[in-house]
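As a starting point, one isolated chain is supplied in structure tokens, in the form predicted alone.
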């Protein structure tokens, strides 16, 4: 969706008018609306036919002044940037062919941040994944939308720059969604790697390295190899580097990328197994974040690792009872092959902390059903070995309307995961309770220390379990269906501070 800025008062296409609850007439500051259309709007407001409750819409048609969509912002004291973002998304979700493809948005009493958020909401919601559908000219959803925002001349330059940056970040969210929504017969480990290599060619400051299956075996990536060896589509690791010529510590992202998860020998139930194409949501989040940062021109260095595998049952697949040796040298007793995401991440986390100079590491994974039981589809689970860092991520998520909820990383959970009789650790807790917490405690064991001896200190790290938020989040107004692209915007806020 293209969003442009105009400092004029012309209305092209359908007028979009954000309004506050309780308004009985249009404020005088709203200019450029044809007289007949303005009279109809005032009549609707005065009669109470449109009360402007948050995200309520009304379309007015048939007047000489053209068409209008009224969108509610709710009460004035509650209309923050999140309300404007949701309102923008609601406008796009409500658009039909009758509205046409051109919108003109006219605000009153809106600051730069609010107008930008409204535009961001429109762009986030203007998404569909229809590559595999036959196009139907009569489909109401098949509308190529563009929007123009009218603003004061003094705001035009700053608003245009802010919306251009928002569009770059949204491109990362949409990429994350595209990767997650792609069917698993076309989105497998090396297909992901090839997309990454092709993507990198458009940027002079981006490098992508692919460690294929044979190289992973040579390097000793036992977790990645064990999960993916049962599939004919072998695993790989994809490493993204942005502005790699810069020296010093930098943010590090790691993503779980199980392109399809049958559960392996510990086979999942058949119901809804098709949704296991979304099990690469962590890697999709990482890839999307790198696109958002590169597209928006972020000047700092960021490195990201995606651990790609397809978890299939086969004669050569790993078994419950196997013991594998990971990149760190630690051994893992495999008690359930469906607890596989933590195995690939064990190698990704260790490589991130030992081969690079991370300021911090954040990993993303659709890791546990237990997290969905705990938090539903409303919030991502968030664990960290640093309370202040966990708070920073939590606040970054709040800033962009993506909730990440702090969860406990207790010593008892770590002890539970190191209670194997025959290996250094186990990939499953001792019981069903606290499964999301024990999974986080497992991952913590593979975060390296910085320094040596008494000065050694574990690298700052956070784990984000997006099992409930990367897909199936029906209350997410920014998404129509499928993958959400969650936390691309959170990471951009955390890394850039903007």
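Positions refer to the first chain, counted from 1. Keep in mind the model is a prediction, meaning the values are calculated, not measured.
Note that the form predicted in complex with a small molecule isn't included here; everything after this is about it.
Using a 4.5 Å cut on heavy atoms, which of 333, 402, 338, 416 is close to the small molecule in the predicted complex?
Looking at the other structure, the residue within range turns out to be 338.
Which of these residues, 239, 370, 162, 312, gets a heavy atom within 4.5 Å of the small molecule in the predicted complex?
By the 4.5 Å criterion, the partner-contacting residue is 370.
Which is the contacting stretch out of 192-200, 212-220, 99-107, 339-347, given heavy atoms within 4.5 Å of the small molecule in the predicted complex?
Flagged stretch: 339-347.
May I ask you to check whether residue 467 falls inside a 4.5 Å heavy atom distance of the small molecule in the predicted complex?
Because a heavy atom of residue 467 falls inside 4.5 Å of the small molecule in the predicted complex, the answer is yes.
Residue-level question: is residue 268 within 4.5 Å of the small molecule in the predicted complex, judged on heavy atoms?
Yes - in the predicted complex, heavy atoms of residue 268 and the small molecule come within 4.5 Å of each other.
Decide whether residue 366 counts as a contact residue for the small molecule in the predicted complex under a heavy atom distance cut-off of 4.5 Å.
Contact check for residue 366: yes, within 4.5 Å of the small molecule in the predicted complex.
Is residue 120 one of the residues lying within 4.5 Å of the small molecule in the predicted complex, judged by heavy atom distances?
No - in the predicted complex, heavy atoms of residue 120 and the small molecule never come within 4.5 Å of each other.
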